[in-house]
Ligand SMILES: O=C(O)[C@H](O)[C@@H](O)[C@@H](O)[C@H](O)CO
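Just one chain follows, in the form predicted alone, and it is written as structure tokens.
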């Protein structure tokens, strides 16, 4: 079997799907994208075509290493996202050829079902309590929300009080009937992270995500020493070579590689195994589309340390397109009592509605995150 063609489709709300075709008619789907940089990743995928056309798609390891090493320069959000989507599609092909879900090719199930969580609130969260109540009716009892709006490197007590008030209201409304993580989203610098973590500790959030930016990872062990809240990070790290130093330094309780950013299934399996050796749990980052979620679930179901899976159904970013809009086998993605069962179909387990994808790609928006500014006019972390 030989790879014959790669086709990318940018689709609403902010995703990009990749179709890899072969000379035997077997097709694989991947999701290579950086939110807000889809066109850049699309170009990177096209630049990798010479490594792939005419090659055997079954040689995933060799193709991965070729894409990673042959161009001399490597790593980073764009190149690793391009590799990630291609890798997903290659695994999809392999599973379809062998008639097995990818998790069966990776040693089989380590669990019967996977715990899922849902986003609530938006960039500037409001009406969170009502959103949680609505999602509870659908079986969810675990959530994630933004912990704060924009925050200066050194900010006011009023800003801290507002973040604390929001969390206090949630605990008052639901007690311990739900669990929730707080995403600092890289908006909090080290001087304010200490203050916020201490103030929030009394409410026992499930975790705090990106307590500081990944480029300030040296603060993870320092922050972990002064709080009992589990710290999570990883969506803005792109290979095991970035994760290894973070793991060795300590501080993280949860690692969150993104299967569409960090080299795909092949790389994230290695990251998951490295994390397990350091007693760090796995909760893949996935505010993306159906192929990305399907790839995450393949890793979750073979990784002992996988504890939570993010998914984007109903997330505030999904304007103009929802996760299941592009899926034929919607029932396989049904969440029951907050859990998802293993996807039963061969490959990644997602049947992509290609006609819907093609139609949607004709008017795909160029999504961009907003640019925020502080009161003094300087740019703020979003």
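Remember, predicted model here, so these are calculated numbers, not experimental data. Numbering follows the first chain given and starts at 1.
Absent from the display: the form predicted in complex with the ligand. The rest refers to it.
Contact with the ligand, judged by heavy atoms within 4.5 Å in the predicted complex, is confined among 163 to 171, 108 to 116, 177 to 185, 271 to 279 to 177 to 185. Using a 4.5 Å cut-off to the ligand in the predicted complex, each of 144, 287 and 310 places a heavy atom inside that distance. Although the partner is absent here, residue 317 lies within 4.5 Å of the ligand in the predicted complex, judged by heavy atoms. A residue is said to contact a partner when one of its heavy atoms sits within 4.5 Å of a partner heavy atom; residue 367 meets this definition for the ligand in the predicted complex. At least one heavy atom of residue 35 is located within 4.5 Å of the ligand in the predicted complex.
Using a 4.5 Å cutoff between non-hydrogen atoms, residue 300 does not count as a contact of the ligand in the predicted complex.
Proximity to the ligand in the predicted complex, defined as a heavy atom within 4.5 Å, singles out one entry of 235, 267, 155, 150, which is 235. Contacts to the ligand in the predicted complex (heavy atom within 4.5 Å) from stretch 1 to 26: 14 only.
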